[in-house]
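First, one chain by itself in structure tokens, the form predicted on its own.
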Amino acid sequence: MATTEADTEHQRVSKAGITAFLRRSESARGLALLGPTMVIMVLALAAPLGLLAAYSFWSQHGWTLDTHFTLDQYTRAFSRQSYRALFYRSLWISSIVTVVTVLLAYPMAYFVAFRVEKSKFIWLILLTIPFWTSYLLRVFAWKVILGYNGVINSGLMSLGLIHAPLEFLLYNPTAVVVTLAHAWAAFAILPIYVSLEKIDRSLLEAAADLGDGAVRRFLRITLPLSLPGVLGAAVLIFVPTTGDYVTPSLVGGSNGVMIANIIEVMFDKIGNWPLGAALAMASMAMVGIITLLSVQAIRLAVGKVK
């Protein structure tokens, strides 16, 4: 009985010591708060990614999965011209989507940040209302707009500007770019707006007092100070659009197929998971390298401007 009471007292003292340690240590409190999130991240993100990486180093013969280490899947991924062409096309389409989306989003964010005096929150809601609907609905909407008998062709024919529907509007890379740019516009507007909103207006007033015009103020102050938001928007768009397979499959046609479509076929239809995993890992690696190089290049450019 005495031993049980002693053990209970020891546990109580240990718990009190741990509690006191957590209260005194900032890092310990931070780890305690991050603990549940880290567990979820490991189980929901790191573990599947690790399994995907493991599959990429295996091979498959019919229905038999060979778990011996091999680089054959990566050799196939980079040696076949068709896969390399899809990698290049995916990166090219995603780059164009990123540039187009940022160029379209910047004026909208600039208008709300500098021209709207009241009810900015309402303006932001109005800008994002179209993106409250399902992603698939928006893709299908663009398919209807760009289709053979869609809104554009019907409108042009009713105005007498064309006599037959335009066939080049749909099922090509241009349709993929247009659809993706619209689908991801909100993800570009918001970070750019936040970056513009943080700019000290007194800097613009000082530049105006020193004789700088509107264009010169924008190029020397507004644009450089808003580059973090532009860079964040570019990363948010470039990374996921490279791996998009829904939009290319619906509006891209054979000329708008991207690498993610082939990865989806490998996993879902052919069942060659090792090759699909190798293509996915190679795609992620290329996107990561290009993103890091672009970020470093922009930082160097901003440093030279400053």
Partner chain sequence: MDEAFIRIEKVTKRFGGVTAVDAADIAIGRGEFFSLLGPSGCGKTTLLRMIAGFDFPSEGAIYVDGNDITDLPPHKRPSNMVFQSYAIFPHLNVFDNIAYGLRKARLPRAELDRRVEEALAMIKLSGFGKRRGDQLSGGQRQRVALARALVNRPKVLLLDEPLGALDKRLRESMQIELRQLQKSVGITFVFVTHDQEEALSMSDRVAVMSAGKVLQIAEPRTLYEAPNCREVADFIGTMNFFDAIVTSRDGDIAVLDAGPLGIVRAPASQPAGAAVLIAIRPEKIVLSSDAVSGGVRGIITASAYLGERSHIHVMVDGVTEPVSVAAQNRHRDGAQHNGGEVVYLSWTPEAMVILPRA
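Note that the coordinates shown come from a computational prediction; the quantities given were computed from them, not determined experimentally. Numbering follows the first chain given and starts at 1.
We do not show the form predicted in complex with its partner chain, though everything after this point is about it.
- Gly213 belongs to the set of residues with a heavy atom inside 4.5 Å of its partner chain in the predicted complex.
- At the 4.5 Å threshold, heavy atoms of Glu167 stay clear of its partner chain in the predicted complex, well away from it.
- Not displayed here, its partner chain is approached by Glu205 to within 4.5 Å at the level of heavy atoms in the predicted complex.
- Although the partner is absent here, Pro224 lies within 4.5 Å of its partner chain in the predicted complex, judged by heavy atoms.
- The partner is absent here, but in the predicted complex a heavy atom of Arg220, alone among Arg220, Arg76, Lys120, Arg84, sits within 4.5 Å of its partner chain.
- In plain terms, the part of the chain that comes close to its partner chain in the predicted complex, with a heavy atom within 4.5 Å, is 197-205 out of 197-205, 147-155, 99-107, 168-176.
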